[in-house]
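Starting off, we have a lone chain in the form predicted on its own, written out as structure tokens.
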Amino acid sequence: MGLKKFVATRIVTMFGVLMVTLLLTISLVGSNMDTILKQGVAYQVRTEITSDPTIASSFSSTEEFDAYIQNQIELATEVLGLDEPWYSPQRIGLTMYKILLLDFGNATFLTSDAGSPDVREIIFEKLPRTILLFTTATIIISVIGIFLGALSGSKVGSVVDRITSSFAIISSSFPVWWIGMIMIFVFAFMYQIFPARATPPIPASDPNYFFSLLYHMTLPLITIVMIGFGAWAYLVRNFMVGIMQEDFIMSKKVIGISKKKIIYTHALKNAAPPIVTILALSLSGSLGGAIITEAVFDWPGMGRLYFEAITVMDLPVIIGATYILTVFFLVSIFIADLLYGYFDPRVRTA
């Protein structure tokens, strides 16, 4: 299979998975999604009418004006086909089309920092902050974990290997929210080095907001890295242990290639495919599984948005956030497949 065919196959597969996910989501929410769409139409019609003062002034009473608005809502509902049952093919197709275009309607309770109820605006306001925090943490964790794991895997039974394995077990035994609370107590209340809340106290429009965001991000970033790099190092260590015993590694030792070059060039490259896969899954999984972490640190990202939406049962926000994170997950898997094929040509030619 050539590279172009490999990429095309993966794109078609990912798009099919996305369509199935959309169909399942619509089937699960059913009539609730129907209500969301109708509320969105009503909101749009009311906004368009009330924004034109000449329309309101043409009616002699508020009753006539309200009746006119209601009539326009009913006409718009019929034009969009929303008068059909939610399970009809036309309605399901319309709903999937709107979600594909990122038209999630308006939130029931939540708003963006600017006060907008548009779900798309709310999500794209929170998403960059979650990407900033967890992408930075994942990069730091992977860099430390890969090099420390490679070193441990090349020196099985050494002091470094025992310390790495022990730290991986200990750090993985504690939930991140518990460590987070301890970090907040120690560094925010006892020593007052970092703020207790990761949400900057200044508005997003302030020129210094980004630098304030980075400062408030420091404590949750340290916590996530401290919890995560031990397990990463242990995984890489296990991959390296098997590779270091392969015949081609032994032959490179015999011909006199330096041990450092063998570890970080030849052995680590052969361990790259599973490492890349785990990296992609970790990154996409962290974006979706950040609810507890962001709730503990009060980080203004997707995790806290999920938490708030679930608390008040704001269904449009839940559906929109789920779709966006599903897309991110599929894109991460797609990139992992491409990198896997790059590091292991057998995947492309199988």
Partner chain sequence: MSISPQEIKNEFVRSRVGIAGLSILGILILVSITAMVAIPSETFSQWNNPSNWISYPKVAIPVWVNLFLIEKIPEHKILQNPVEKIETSGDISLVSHQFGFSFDYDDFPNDFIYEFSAKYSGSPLLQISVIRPDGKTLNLVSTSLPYSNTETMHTERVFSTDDSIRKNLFLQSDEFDFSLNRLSAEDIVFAESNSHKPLKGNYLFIVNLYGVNSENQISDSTLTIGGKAFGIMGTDELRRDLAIGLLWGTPLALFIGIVVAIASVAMGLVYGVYAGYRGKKTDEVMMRFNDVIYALPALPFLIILSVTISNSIFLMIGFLTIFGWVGVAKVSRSMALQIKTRGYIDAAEMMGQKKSKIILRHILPQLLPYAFASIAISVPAAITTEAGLSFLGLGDPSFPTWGQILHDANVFGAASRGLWWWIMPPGVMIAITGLAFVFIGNALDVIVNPKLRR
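If you're wondering where the values come from, they're calculated on a predicted model, not measured in any experiment. Rigid core: the largest C-alpha set superposing within 1.5 Å between the two forms. Numbering follows the first chain given and starts at 1.
Omitted from view is the form predicted in complex with its partner chain, to which the following refers.
Taking a 4.5 Å heavy atom cutoff to its partner chain in the predicted bound form, the contact residue among 131, 169, 257, 76 is 169. Here is the short version: of 318, 283, 45, 37, the single residue with a heavy atom within 4.5 Å of its partner chain in the predicted bound form is 318. Heavy atoms within 4.5 Å of its partner chain in the predicted bound form belong, among the stretches 98-106, 261-269, 139-147, 230-238, to residues of 230-238. Contact check for residue 299: no non-hydrogen atom falls within 4.5 Å of its partner chain in the predicted bound form. At the 4.5 Å threshold, heavy atoms of residue 330 reach its partner chain in the predicted bound form. In the predicted bound form, at least one heavy atom of residue 189 sits within 4.5 Å of a heavy atom of its partner chain.
Among heavy atoms of residue 208, none comes within 4.5 Å of its partner chain in the predicted bound form. For the marked spot (175, 322 and 326), a heavy atom within 4.5 Å of its partner chain in the predicted bound form is present in each of the three residues.
Counting a residue when any of its non-hydrogen atoms is within 4.5 Å of its partner chain in the predicted bound form, the hits in 179-202 run 181, 182, 184, 185, 189, 196. In a rigid-core overlay of the protein, residue 167 has its C-alpha displaced by under 2 Å between the shown form and the other one.
Superposition on the rigid core between the shown form and the other one places the CA atom of residue 239 less than 2 Å from its counterpart. With a cut-off of 2 Å and the rigid core superposed, residue 187 has a Cα displacement that falls short of the cut-off between the shown form and the other one.
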